[in-house]
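A single chain comes next, written as structure tokens; it is the form predicted alone.
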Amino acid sequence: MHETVATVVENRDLGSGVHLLRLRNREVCAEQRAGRFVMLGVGETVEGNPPAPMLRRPFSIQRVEGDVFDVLYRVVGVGTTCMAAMKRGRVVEVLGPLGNAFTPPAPGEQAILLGGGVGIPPMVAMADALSANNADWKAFLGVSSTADAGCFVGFDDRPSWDSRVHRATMDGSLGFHGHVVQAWLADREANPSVTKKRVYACGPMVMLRAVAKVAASLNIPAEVSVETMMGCGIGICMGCVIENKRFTEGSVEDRSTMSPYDRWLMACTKGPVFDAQGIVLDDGGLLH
């Protein structure tokens, strides 16, 4: 982990409020692993808007190329509005990389990557890592409509992946008509395989709940990267807690031996990647 600064290389508008921010910092790139994230300073106040927030914002690292790392974000509030105004050459405060990483698939396992909206970036990082190790994988990516197709940028930039990547839209305007879990199950039915699977997912909580439910029913190991409120990124503010299922579903005796630090797992230090069956996937959202 480094408390440092990075220089804006590019801040590309992909449409519908989605942006790709490219930042240069060699130290952060050297320590990145698929699933980890950074806390970014959001820049200066934009004229006509409320003052820029003091707290940094959490974003998954989408891709590392040399000494440049990519962050995908959507403009939804004051913080991300400030970010959208960043120009090439701007110096940005960075804390990271933070959190844990996805567990690599075991030999003989096929990785199934499920990404929804701005939850797609960790799947880009995982696809990069899997491809670098010649691992077997498929990706299923979902957005609301073609208006949000900018979220696919990390996969669109790799034409050699086209046969592995399946896109879905809720309105049917692109690819599979339906949500990303339905797209995966439809492909699974159409292309049955005896190959062992391991699922990796990031997206809205409603999507992660569906992933956890389906993975449990199919007896497939699954890891999810959660998006939750986060103030500091290092376990001090305790604003990003996720409830441990061992407490909610364990015995009375089991619960009696647990402290609040056992019941509540901080996504910034214990995650953001968790076993899908080990946590309560309650509603939450990024602090924007």
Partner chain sequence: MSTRWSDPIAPEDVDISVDVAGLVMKNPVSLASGTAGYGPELSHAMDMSTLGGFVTKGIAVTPWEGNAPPRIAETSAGMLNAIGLQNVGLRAFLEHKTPYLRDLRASGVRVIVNVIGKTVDEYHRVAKGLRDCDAIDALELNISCPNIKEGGIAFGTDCVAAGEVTAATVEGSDKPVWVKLSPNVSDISSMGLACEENGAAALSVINTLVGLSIDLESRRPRLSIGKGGLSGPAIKPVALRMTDEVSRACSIPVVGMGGIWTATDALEFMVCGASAVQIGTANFVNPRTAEQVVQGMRQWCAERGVAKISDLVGTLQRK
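These numbers come from a predicted model, not from an experiment. Residue numbers count along the first chain shown, from 1.
Not on display, but discussed next: the form predicted together with its partner chain.
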Within 4.5 Å of its partner chain in the predicted bound form by heavy atoms, the stretch out of 30-38, 215-223, 62-70, 238-246 is 238-246
Does any heavy atom of residue 256 come within 4.5 Å of a heavy atom of its partner chain in the predicted bound form?
no
Does residue 49 reach its partner chain in the predicted bound form if we count a contact as any heavy atom within 4.5 Å?
yes
So, in the predicted bound form, is residue 263 in contact with its partner chain at a 4.5 angstroms heavy atom limit?
yes
Interface membership of residue 199, its partner chain in the predicted bound form, 4.5 Å heavy atom rule:
no
What residues of 44-64, in sequence order, lie within 4.5 Å of its partner chain in the predicted bound form by heavy atom?
48, 49, 50, 51, 53, 54, 55, 56, 57
Report the direction of the Cα distance change between residue 51 and residue 234 in the predicted bound form, compared with the displayed form, as closer or farther; the change is 3 Å or more.
closer
Compared with this form, is the residue 45-residue 25 Cα separation smaller or larger in the predicted bound form, the difference being 3 Å or more?
closer
